[in-house]
Ligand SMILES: Cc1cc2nc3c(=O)[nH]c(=O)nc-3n(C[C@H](O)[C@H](O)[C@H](O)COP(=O)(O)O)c2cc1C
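First, one chain by itself: the form predicted on its own, in structure tokens.
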Amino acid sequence: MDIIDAIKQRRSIKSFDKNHKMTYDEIKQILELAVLSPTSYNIQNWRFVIITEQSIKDKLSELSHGQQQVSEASLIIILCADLNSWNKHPERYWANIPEEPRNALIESLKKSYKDKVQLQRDEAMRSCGMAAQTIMLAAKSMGYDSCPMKGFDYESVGKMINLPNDHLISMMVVVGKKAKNPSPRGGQVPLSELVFTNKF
């Protein structure tokens, strides 16, 4: 499936085939594509907690207000971010470039993020949002469906996965074989209301 079709056909699925199991190679392929998503300064601040064990999925479903897609999906990806990734061995983010520009990037990175808590959080959300879209489109191109989710108890899920203190959870994406087609799209606002040329 090409990218245009994947974008057009991607929907938020609420009912999955609970008996379908994704292979290790399929899950790995989705994650290998996810880590090609862009991040500011190439800090790669996303962290992915993958859940395939049914008992854990059932517990996550409870923490998601009983939403069945969490229990039924083949794969749950909890998208987290390391808020301090900008300051954890940043030289590795540019390992393939010469030393002088690498050192300049490290200096610029630290000036940009040091003591800027809101920026660190904003960057985490931007990075995870782009990775989530990559995951959903990759899944669709592989014949799977998905659902992005924010409706869960973030604090309890964080405790459940041993979320480090300097990390946050952005969202979850569930992936699997759909068991039921979604309802028709509710309606798209026309481009004339959404797109502005050069200024509002």
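Just so we're clear, the structure is a prediction, and the values are computed from it rather than from any experiment. In case it trips you up, residue 1 is the first one in the sequence shown, and so on.
Omitted from view is the form predicted together with the named molecule, to which the following refers.
- Taking a 4.5 Å heavy atom cutoff to the named molecule in the predicted complex, the contact residue among C147, A34, L137, L163 is C147.
- Checking G66, G151, P38, G143 for any heavy atom within 4.5 Å of the named molecule in the predicted complex turns up a single hit: G151.
- In the predicted complex, none of the heavy atoms of I169 sits within 4.5 Å of a heavy atom of the named molecule.
- At a distance threshold of 4.5 angstroms between non-hydrogen atoms, K21 is out of contact with the named molecule in the predicted complex.
- Under a 4.5 angstroms non-hydrogen atom cutoff, the named molecule in the predicted complex has R185 among its neighbouring residues.
- Proximity of S15 to the named molecule in the predicted complex: non-hydrogen atoms within 4.5 Å are absent; the residue sits far from the partner.
- Judged by heavy atoms within 4.5 Å of the named molecule in the predicted complex, the contact stretch among the candidates 155 to 163, 50 to 58, 23 to 31, 66 to 74 is 66 to 74.
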